[in-house]
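In structure tokens, one chain follows: the form predicted alone.
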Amino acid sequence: MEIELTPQQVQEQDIFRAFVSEEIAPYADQYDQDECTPDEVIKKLAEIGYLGAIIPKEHGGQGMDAITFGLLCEEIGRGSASLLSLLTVHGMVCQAILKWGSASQKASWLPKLATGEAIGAFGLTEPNIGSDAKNVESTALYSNNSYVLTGEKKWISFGQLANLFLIIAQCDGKPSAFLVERNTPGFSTAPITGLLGFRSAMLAKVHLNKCQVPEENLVGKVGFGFSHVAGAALDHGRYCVGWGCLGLAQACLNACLSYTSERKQFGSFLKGHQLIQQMIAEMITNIKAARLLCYHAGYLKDKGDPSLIMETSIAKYFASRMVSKVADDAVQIHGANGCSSDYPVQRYLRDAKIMEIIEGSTQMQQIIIAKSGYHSFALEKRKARQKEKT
């Protein structure tokens, strides 16, 4: 199977790359130190249409195909993994509404999300609940044509500034999804700072103190919260992260190619040493392998192939492990300089580790992929038996 970008996709890729190189990459280290993404950066993303990348044109978005959107995630990830997380969680809210939202929810929120008038955040993780997401402790009680939400969410990317939250809570013991606006009485957020990575992703704790939301803010049906709504959102999130890992790994590789071409040890440039060449070769090979997995996931996504969910998990799993190794080697190649804030590879390493945790940890992806393998094996055995009988 030949994998080749269309002329339009190549053109879009060049535009994405130029935007990131001019508007994001030069300032990402400062944002990381400040632990903040300036409002004007988000406004630029909105003005150029990137916040509405996956939203259909009839709702005011760009209607990008999956590969083009992946290329955008790759370039944003190259410039700033923290900013990529905005594209990720904002897109997760968009995807959940697109897939499971009512006609009125789509009409009301998608145009606002497309223009940046509304910034979305995804409220699933809690202080006591991470990977066991279907057992969230937040509750939603139905009363007088509304739902009353109580609980706490944690590690919410861009929770400090988002104004529309997709919250997963238990309703009659069934995980359910709700759209909650920031100005809802009883709703508040608190910043989370001092993180290892994603320092400018403006993470927050979310407090829900008997927040009353109208019944039309329920997304899908009661009980659909994790298996359907969050599932659609997380699949989108894994897709974004997989492509973002590519961009972050490419940034590591570019930094190493530049550094080893300028730095001398033992009378010769670092690039002339065989052990350095080995590390560079492994970087290049693993990045290319991850890119093919991401292309394949995007191809299936555009086709609407049911296997896209598993292939997206595989792409995210491989790419996130890959970028952790690439970033670790990048710091090693830079030596003591790699531990200094004068060089971005220290930020790349910190951000790369987060990639293995968000939108389903490495271990959760391993469980999902292995179970799928056993399921496929059982199906093949069943088919073989049926064939023998006939």
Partner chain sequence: MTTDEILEKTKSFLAQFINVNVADDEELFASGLVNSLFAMQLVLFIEKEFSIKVENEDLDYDNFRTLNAIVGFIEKKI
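Numbering follows the first chain given and starts at 1. Values in this document were obtained by computation on a predicted structure and should not be read as measured data.
Missing here is the form predicted together with its partner chain; even so, the following discussion is about that form.
- Judged by heavy atoms within 4.5 Å of its partner chain in the predicted complex, the contact stretch among the candidates 303-311, 273-281, 203-211, 68-76 is 303-311.
- None of 102, 150, 108, 188 but one reaches within 4.5 angstroms of its partner chain in the predicted complex through a heavy atom, and that residue is 102.
- Note on contacts: among 263, 221, 154, 182, the single residue with a heavy atom within 4.5 Å of its partner chain in the predicted complex is 221.
- Residues 5, 347 and 353 are none of them found to lie within 4.5 Å of its partner chain in the predicted complex, as judged by heavy atom distances.
- Within this chain, residue 25 is remote from the site of its partner chain in the predicted complex, having no heavy atom within 4.5 Å.
- In the predicted complex, none of the heavy atoms of residue 119 sits within 4.5 Å of a heavy atom of its partner chain.
- For the chain shown alone, residue 287 is not a contact residue for its partner chain in the predicted complex, no non-hydrogen atom being within 4.5 angstroms.
- Heavy atoms of residue 227 reach within 4.5 Å of its partner chain in the predicted complex, making it an interface residue.
- Taking its partner chain as it sits in the predicted complex, the stretch 227-241 comes within 4.5 angstroms of it through a non-hydrogen atom at 227, 228, 231, 232, 238.
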